[in-house]
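For this one, two forms of the same chain are given in structure tokens, first as structure 1 and then as structure 2.
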Structure 1
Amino acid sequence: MLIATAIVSGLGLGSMYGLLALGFHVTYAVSKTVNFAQGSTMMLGAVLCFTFWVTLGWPLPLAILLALACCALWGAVVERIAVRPFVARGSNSWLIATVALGIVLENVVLFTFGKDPRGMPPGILTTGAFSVAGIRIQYLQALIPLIGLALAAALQIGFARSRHGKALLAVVQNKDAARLMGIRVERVIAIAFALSSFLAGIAGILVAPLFTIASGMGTLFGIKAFAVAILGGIESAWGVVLAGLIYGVAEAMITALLGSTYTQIVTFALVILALALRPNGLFGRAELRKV
């Protein structure tokens, strides 16, 4: 029973890692850069949803839409001021610039939202539950993995069939050829960052009812999500989602069997071991080089 409960909990948690890692995948696939403020963006989604819904008393659907829109806008801002100028000069300083922006965002939220953690009001998704083989599963715990997998499928289909998706794929394959075809590469990359932050916002809103909301809530999530992205093979959308599920279940199992003291030690040790055996990730492929 303990193991089964841990698996259910781990699938929900792993879906959060998968959503954040999917954001890393989107930006890396398009621009070979990532947004290391992804964890802070997740926190921003949770904080804004709480503020719009609980503090201001706006309807929950409107609060969610506005929070996600703000997260997407923040992603575009990060790309414009912390990534594009450095990439244009051939510098890798966007690494520290995105980290710095994430720290700035956390401190702005700390001073405006406050340092005391808040909790989302209870609702049907957290109080309601159903039983499977004697295991009690909250509606939210069942919903989170479904949303994560649905978003991964939607991205896969959108990239293959939509106009903007094909533009993203064109930029991935050859930026110069994409420019010659009239595609505005800089705009496409900005959209990729906005999409990445949109996914982080969804993760933050979904995880908010299960954890307390605070300015620093996204830091460890962001670190783990990047580890998941590398573990799954950052160029594989399905790979990072599946790696997120595997990581989440492993983390929950270790916590249940060994205790929370050993959770981070063992899980990150397993990540290192997996990458030592599979340097390109569990579902990644070695890059082919023309000679």
Structure 2
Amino acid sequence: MLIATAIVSGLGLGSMYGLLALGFHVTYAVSKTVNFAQGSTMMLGAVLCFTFWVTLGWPLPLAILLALACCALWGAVVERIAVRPFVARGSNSWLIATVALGIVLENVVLFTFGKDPRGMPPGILTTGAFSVAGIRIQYLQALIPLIGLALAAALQIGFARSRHGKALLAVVQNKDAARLMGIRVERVIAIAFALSSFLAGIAGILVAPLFTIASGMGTLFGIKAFAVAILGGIESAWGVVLAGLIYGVAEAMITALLGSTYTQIVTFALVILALALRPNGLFGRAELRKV
């Protein structure tokens, strides 16, 4: 019972981590860079959705679509001002630059959205529930992993089937060859950042009803999701999704079995240990060193 509920909780959170980590994966694969402040993008999705829907009273589908569109745009902005200039001069300062931009975003939200955390109005997804073997599962709780996996699958299929998806995969596999096909690599990278932020936005909107909406809500999520991406071997899409689920379940299990006191210590120590033993992540491949 204890373990079963832990697994249910863990899968829900784990798929959030997985979604964010998938965003890390997408940009890393095409450009070897990430938006380190992915957590703040997630927050942006939740905050915008709340603002459009609750504060401005627009219809929910419109609010969600607009929020996601803004997230995607933000991703492209991050790439343009905090990643591309540094990559162009061969510096790895994009890491700190994206952190800085995340701090800026969080504070702008703090002063515009307000310091007070807000909550999504309750709806059937959070109040309704069903039981499986005596475990009560909220609709949303069941929906989140489904949406997470569906998105991962949709991405996979979208990449494999669509013309532009294939172009993105081509950039991942060989940038120069992709250029020779007439693929605008810079644009693909910008789109990858937009996509990454789009995924973070979805994660934010999905977690919003379970959580509270505030400017700092994404920070720890972002860090954990990055740990997940690294653990999964950031180059592998299924690896990071799987690592997300493992991380979420592990967190819940440690809490359920050892008690909550040591959850953070044990999970982060495990992250260090895992990276010490497998520097390319649990599901990543080592690269051949070329001289």
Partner chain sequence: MDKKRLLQNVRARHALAIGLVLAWFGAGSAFAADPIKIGQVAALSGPSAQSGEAIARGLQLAIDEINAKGGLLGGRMLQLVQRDDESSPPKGLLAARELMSENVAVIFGGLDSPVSLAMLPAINKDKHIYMGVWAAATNITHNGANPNYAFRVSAVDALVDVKLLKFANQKFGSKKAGLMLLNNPWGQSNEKGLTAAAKDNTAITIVGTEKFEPADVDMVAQLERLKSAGADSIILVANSQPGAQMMKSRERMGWSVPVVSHWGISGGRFPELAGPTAGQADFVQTYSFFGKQGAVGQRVLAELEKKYPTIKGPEGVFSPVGTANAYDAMHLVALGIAQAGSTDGDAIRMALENLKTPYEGLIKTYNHPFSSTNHDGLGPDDYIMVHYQDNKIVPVD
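What you see is a predicted model, and the numbers here were worked out from it, not measured in a lab. Residue positions are counted from 1 along structure 1's sequence. Basically, rigid core = biggest C-alpha set you can superpose within 1.5 Å across the two forms.
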*Which of the two structures shown, 1 or 2, corresponds to the form predicted together with the partner chain?*
2
*How much does the C-alpha of Leu275 shift between structure 1 and structure 2, in angstrom, given a rigid core superposition?*
2.4
